[in-house]
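We give structure tokens for two forms of one protein chain below, kept apart as structure 1 and structure 2.
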Structure 1
């Protein structure tokens, strides 16, 4: 492998040390409680160096997960725009990513979460609690409903991924994105914005 110019072996070792410390810290404490300061301490470097290499905690996390995309940018973008088509935009985004060259890596992270407790926890805390729930909160009225609506949206998005890319159930596995958006979009929309009195009467 050709080493990129300007990156010395020492830097690569530092990056690796930081990533290892971050992986251990996220696994032990979860996304919320892990801190750049503590990760830097574990790696034996200055926190400024962690910021220099990775930027924010979010980006450090994405590097640890080998994430091919940044859902923290993509999901809020998809949910912006006319509220009544947010469900369709969300599933179009998901299919678009998974059908793209980055999809193989996204599938690897997802499969890992399905068989590995700490990846599952981090996917839940990061993608669902941090990003998706915040984006859902922007478009719904009653914020008390945000956690359940977010979880329900996650069932339909994760289920589409499992059926199409993991179990490869036809004709869904070969369907084009317009067909899937027409089929699944309105169901995500119900989870996002339609009244569900029987679901929320207890809350």
Structure 2
């Protein structure tokens, strides 16, 4: 009689176990520190099965978040074009996603994060590592300033999304994208590229 390995074979239950282990790992350790090998160990499967079902760690994270979009496919749109207009392109991209059918799923995740700590951790990791880091990293020249500038960009993007789609504050809620881009884009641009000596004091 051949003794069976403790690793689970591939099936739907295995996929669910991987997602549950990944959800806990990403929320506890963050995206950067979580590893496929550790997630596989927690799920009781071989790392090869994780790659079989999800491919890469990035795709596994998107599956955990049930993300309605793949930032890796959309963010390049915000990077194309003159650097001095990146702020406007970024807010236009965000509004475009939220105004699309994908916006319903995004809103559900956002609302859940307001009342659930684990969902909030996952959403923070998703926004920082999959969206802001991609969109902002190549625009900001001084990487020592990148964390603060990225967080400041988040105040404008997330704040606009909450006011427009969650709280539905008028006239912002019904304003057209050109109006919002003209109002918010310059603020994002300042946080992306303009000197901020009052924030980044020289030592």
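Here the structure is a predicted model, which means the values were calculated and not measured. Each form is matched to the other, and the largest set of C-alpha atoms that superpose within 1.5 Å is called the rigid core. Numbering follows the first chain given and starts at 1.
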Inset, instruction - Working through the pair one at a time, identify the form predicted alone and give its number. - result: 2
Inset, instruction - Examine residue 93 after superposing the rigid core and state whether its CA is displaced by 2 Å or more between the two structures. - result: no
Legend entry - Rigid core fit then residue 170 CA moved by 2 Å or more between the two structures: no
Legend entry - Yes/no, residue 84 Cα shift of 2 Å or more between the two structures with rigid core fixed: no
Inset, instruction - Fit the two forms on their core, then tell me the C-alpha shift of residue 123 between the two structures in angstrom. - result: 2.8
